[in-house]
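So this first bit is one chain, no partners, the form predicted on its own, shown in structure tokens.
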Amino acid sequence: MVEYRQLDTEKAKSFCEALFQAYGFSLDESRTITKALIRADLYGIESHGIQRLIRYHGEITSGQVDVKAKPQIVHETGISAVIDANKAMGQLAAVQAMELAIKKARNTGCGMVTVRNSNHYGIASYYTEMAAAEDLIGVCMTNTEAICVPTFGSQAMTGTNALALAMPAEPFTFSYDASTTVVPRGTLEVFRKNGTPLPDQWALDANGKPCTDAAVVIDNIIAKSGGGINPLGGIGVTNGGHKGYGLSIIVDLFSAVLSGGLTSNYVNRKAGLNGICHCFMAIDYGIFGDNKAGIKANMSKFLQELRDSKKAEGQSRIYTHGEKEAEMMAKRINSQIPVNVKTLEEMQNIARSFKLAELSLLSP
């Protein structure tokens, strides 16, 4: 049986901030990384929360993440920019890029910033919601190491390749955030940690056959020996797998191709070559009419009509994207978050390696 423990949210934040400072990040940088990381756990997205610390530990200590790196603008126009992250922590490059996109949207109505040579940045919705908080539409995409097998293929060629969009609305911001694969790699890591078999249509083995063993799939992805996760829609074309495959290519186009960075099939963590690429957009939706408040009200009305529409038998509620996450965060932000005991053990071991006094923060 999978065992979880409740960890005080503030203790989790303090631990992460102390840990990132131990790696050599400044206090402000540590807080920036931690905010993005903890947001995933507050939203109930375990795959991208503090269970990612073990991955970050390996990448930082191996030099794949350069603690001293400073992302820099290498090309810029009034509405666009390209940032070379120089192997910086993904969250730091991503926040800088979205802040720049927001600034450009304020000046011109639309800002678009691409990033190359970066690292994993957590949940994409963290950045789109930065724009939504400024009364803008936010769009974000990122490629990753190749984990997605093309329709009719047997070798991973595109990444998790998440796509997110957020727009202000009442009573909940519309916030869509999803991988273009059936699930992201982080979900497979959770299944492996829990010793739970994968659903039959999620992943493929090295020969392109369905595989329910998360450890085998992850090992094959790392070794580049074939197989991986299916695109959104699953195997073949019957349930639209080709559509998810196409979306994954689009994300690589906007993040890697436009930034001059590495497409997913060239990103190789095992070889020490992360090179992950992102894309950020901020759009002032007021450019589409004089009545900006009316546009927001129309979106809010549409979302409420979706919630109020006829329910399926046995169902009592229809959600719009971002609604579940907002409600979950309201419950957890001043309370506790559930953490897998194996994740807690990983955190304890990392803390011991740095002789952190904050080790005690993980105690019940």
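Just so it is clear, the structure is predicted and the values come from calculations on it, not from any experiment. Take the two forms, superpose them, and find the largest set of C-alpha atoms that agree within 1.5 Å; that set is the rigid core. Counting begins at 1, following the sequence as shown.
As for the form predicted in complex with another copy of the chain, it is not shown, yet the points below apply to it.
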Problem set entry | Contact test in the predicted bound form: His75 vs another copy of the chain, heavy atoms, 4.5 Å | yes
Problem set entry | is_contact(Leu232, another copy of the chain) in the predicted bound form, heavy atom dist at most 4.5 Å | yes
Exercise. Any of the heavy atoms of Gln315 lying within 4.5 Å of another copy of the chain in the predicted bound form?
Worked result: yes
Exercise. Should Leu163 be classed as touching another copy of the chain in the predicted bound form when contacts are defined as heavy atoms within 4.5 Å?
Worked result: yes
Problem set entry | Selected contact from Gly275, Pro150, Gly186, Pro71, since only one has a non-hydrogen atom within 4.5 angstroms of another copy of the chain in the predicted bound form | Pro150
Problem set entry | The single option of Ile54, Ile295, Ile60, Ile45 touching another copy of the chain in the predicted bound form, heavy atom within 4.5 Å | Ile295
Seminar exercise, completed: Of the candidate stretches 86 to 94, 214 to 222, 169 to 177, 128 to 136, the one with residues having heavy atoms within 4.5 Å of another copy of the chain in the predicted bound form is 169 to 177
Problem set entry | Within 4.5 Å of another copy of the chain in the predicted bound form: residues from 298 to 320 (heavy atom criterion) | Asn298, Met299, Lys301, Phe302, Leu303, Glu305, Leu306, Ser309, Lys310, Lys311, Ala312, Glu313, Gln315, Arg317, Ile318, Tyr319, Thr320
Exercise. By the 2 angstroms cut-off, has the C-alpha of Gly286 moved between the shown form and the other one once the rigid core is superposed?
Worked result: no
Problem set entry | Core fit, then Phe191 C-alpha moves 2 Å or more between the shown form and the other one | yes
Exercise. Core-aligned, is the CA shift for Pro210 between the shown form and the other one 2 angstroms or more?
Worked result: yes
